[in-house]
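Just one chain follows, in the form predicted alone, and it is written as structure tokens.
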Amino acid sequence: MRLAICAGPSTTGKTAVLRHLIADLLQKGTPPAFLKIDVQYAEEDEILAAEFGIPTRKVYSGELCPDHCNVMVLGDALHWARKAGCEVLLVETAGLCLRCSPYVDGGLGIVVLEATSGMNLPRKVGPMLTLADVAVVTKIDRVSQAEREVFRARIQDAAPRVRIREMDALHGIGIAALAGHIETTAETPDKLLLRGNPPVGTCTICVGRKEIGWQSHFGVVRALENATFYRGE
């Protein structure tokens, strides 16, 4: 069993990339399973199951951050994929937090970014990019060559070790390079660890307190004129 976790902002083309990746894996005789993690609505699992006949599932994170939900369910998902006779588990996560990394040691981390999203996007997505193994840049046909080069440079500035793969996700042009990364990924170990260090900050807003103003909260708080500090016991 090999594992690939695909993250990225909304509308970047994550599902389109994975759709072509699934077709490539099936053509090579490598059966994949697909897991979608989203907050409150998703239909990608149903679409891919109908098109390719592969095992698919979805999980709604609800009150959990999608990245945290991924940590909770990934062990069960790997067991499910193995039981279904699959050789690769593809996980697509909404990854909305931007402070966390959804990737695990022992799996391939893929981030999908669209070239039309602005030159500064690579500086804004944090561990979703900096801890990834591969950055797939989509919608490359909608920007100039100069803009593509600047976008690549910004990715390399933020994540010098990430491998950049430009792709036309609509037609699958460039999928071979990404499929090659799947093929060379080592088998997933029995014990998985989250890649990177998750944030240690906790606050009373996360547990449902609605009052406005830091004076009403405890834990890690932030005032307009001060850096983050800790208040309370």
Partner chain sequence: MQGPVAVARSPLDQPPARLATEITSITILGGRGKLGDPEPIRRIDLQMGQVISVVGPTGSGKTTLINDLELFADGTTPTGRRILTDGEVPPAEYRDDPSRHPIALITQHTTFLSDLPVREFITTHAQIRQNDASRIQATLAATLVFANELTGEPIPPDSRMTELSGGQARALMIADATIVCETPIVLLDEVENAGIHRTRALELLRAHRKIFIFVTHDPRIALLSDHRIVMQNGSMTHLLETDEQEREVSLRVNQLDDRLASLRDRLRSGQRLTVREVDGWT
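Positions refer to the first chain, counted from 1. Keep in mind that what you see is a predicted model, and the values were worked out from it rather than measured.
Keep in mind that the form predicted together with its partner chain is not shown, yet the notes after this line are about it.
Residue-level contacts in the predicted complex: of Lys124, Lys83, Arg99, Arg161, one residue has a heavy atom within 4.5 Å of its partner chain, and it is Arg161. Comment: 169-177 is the region of 41-49, 56-64, 203-211, 169-177 lying near its partner chain in the predicted complex, near meaning a non-hydrogen atom within 4.5 Å.
Looking at Leu108, you'd find a heavy atom of it within 4.5 angstroms of its partner chain in the predicted complex. In the predicted complex, its partner chain stays beyond 4.5 Å of every heavy atom belonging to Glu87.
When its partner chain is considered in the predicted complex, Asp141 lines it closely, a heavy atom lying within 4.5 Å.
In the predicted complex, Thr185 approaches its partner chain with a heavy atom inside 4.5 Å. Shown here without its partner chain, the chain has Asp141, Arg142, Val143, Ser144, Gln145, Ala146, Glu147, Arg148, Glu149, Val150, Arg152, Ala153, Arg154 in 135-154 lying with a heavy atom within 4.5 Å of that partner in the predicted complex.
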